[in-house]
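Just one chain is shown here, as structure tokens, and it is the form predicted alone.
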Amino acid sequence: MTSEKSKPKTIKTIKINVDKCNGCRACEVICSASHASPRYSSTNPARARVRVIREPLADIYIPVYAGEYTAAECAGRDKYVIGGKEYAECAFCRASCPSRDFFKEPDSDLPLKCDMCESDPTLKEPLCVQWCLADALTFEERTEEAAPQAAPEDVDAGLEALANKHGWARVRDALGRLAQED
């Protein structure tokens, strides 16, 4: 595959250590306050881009922060047993999806996604990390090589292969649907 030289990109993540989380929910409070309008005017954990799954009697606290929106429900129906309690796989999922209310704006039902507090360029790390006194949340940055972009001739060859297998009409229909989603 021919392509241009890839440029490095910075990957920002929040590392979660569930063994350190004490369930204080300070991360939820500061996240919701920083995303209030006007900023810091109110706190509503339903607006937070991070949620703490809590089971206080079993001393289990698991922070989960919002990821990408997905328009379809996933096929995962696995169950996890932690401290004798059964949890659905959805409990730990970062996506906003049609099958649950997590990570949706309470007033508009629009999906929420963690923005790593990048709307405030003065911050060196997200507010939830700064406010986590138990150090259960830590901010990590690393540099990775970006995936190389496909050359136009490679795209043409891929489209031709799809057309040979499925027919040009189906490929055009699929591309039309993708264009409408943008």
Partner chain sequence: MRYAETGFNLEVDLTRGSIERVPTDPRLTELHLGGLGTNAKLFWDRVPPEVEPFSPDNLLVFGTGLLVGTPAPGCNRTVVSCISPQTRLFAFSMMGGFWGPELKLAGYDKLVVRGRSPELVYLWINDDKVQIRDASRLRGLGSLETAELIRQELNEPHAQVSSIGLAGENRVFFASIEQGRSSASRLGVGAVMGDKNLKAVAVKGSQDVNVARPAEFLQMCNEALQFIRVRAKNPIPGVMPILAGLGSPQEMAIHDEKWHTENFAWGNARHRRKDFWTDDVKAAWTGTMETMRTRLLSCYNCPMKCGAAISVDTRMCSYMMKCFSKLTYTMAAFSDLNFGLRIAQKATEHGVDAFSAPQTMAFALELLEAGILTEKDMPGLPADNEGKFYWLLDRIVRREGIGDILANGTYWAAKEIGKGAEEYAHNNIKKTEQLPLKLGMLNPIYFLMYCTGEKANITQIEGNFPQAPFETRAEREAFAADWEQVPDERFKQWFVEWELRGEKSIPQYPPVDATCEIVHWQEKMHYIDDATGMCAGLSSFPLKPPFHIHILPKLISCGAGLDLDEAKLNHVTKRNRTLVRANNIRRGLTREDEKPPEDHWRKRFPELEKKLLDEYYKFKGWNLDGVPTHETLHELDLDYVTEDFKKRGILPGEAASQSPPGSSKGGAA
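Numbering follows the first chain given and starts at 1. Take the two forms, find the largest set of C-alpha atoms that superpose within 1.5 Å, and that set is the rigid core. Only a predicted model underlies this, so the values are computations on that prediction, with no experimental measurement involved.
This protein has a second form, the form predicted together with its partner chain, left out of what is shown; the following refers to that one.
Not displayed here, its partner chain is kept clear of E144 by more than 4.5 Å at the level of heavy atoms in the predicted complex.
For P106, a non-hydrogen atom is located within 4.5 Å of its partner chain in the predicted complex, even though that partner is not displayed. Under a 4.5 angstroms non-hydrogen atom cutoff, its partner chain in the predicted complex lacks D78 among its neighbouring residues. Using a 4.5 angstroms limit between non-hydrogen atoms, D19 touches its partner chain in the predicted complex.
Considering its partner chain in the predicted complex, the lone stretch of 65-73, 152-160, 113-121, 43-51 in range is 43-51 [heavy atom distance within 4.5 Å]. Although the partner is absent from the chain shown here, A26, A33 and P56 each have a heavy atom within 4.5 Å of its partner chain in the predicted complex. Using a 4.5 Å cut-off on any heavy atom, the residues of 82-113 that reach its partner chain in the predicted complex are, in sequence order, G83, K85, D101, F102, P106. Remark: with the core as the superposition reference, the CA shift of D59 between the shown form and the other one reaches 2 Å or more. When two forms of a protein are overlaid on their rigid core, residues whose CA moves 2 Å or more are considered shifted, and R94 is not one of them between the shown form and the other one. Compared with the form shown, the K85-T138 C-alpha separation decreases in the predicted complex, the change being 3 Å or greater.
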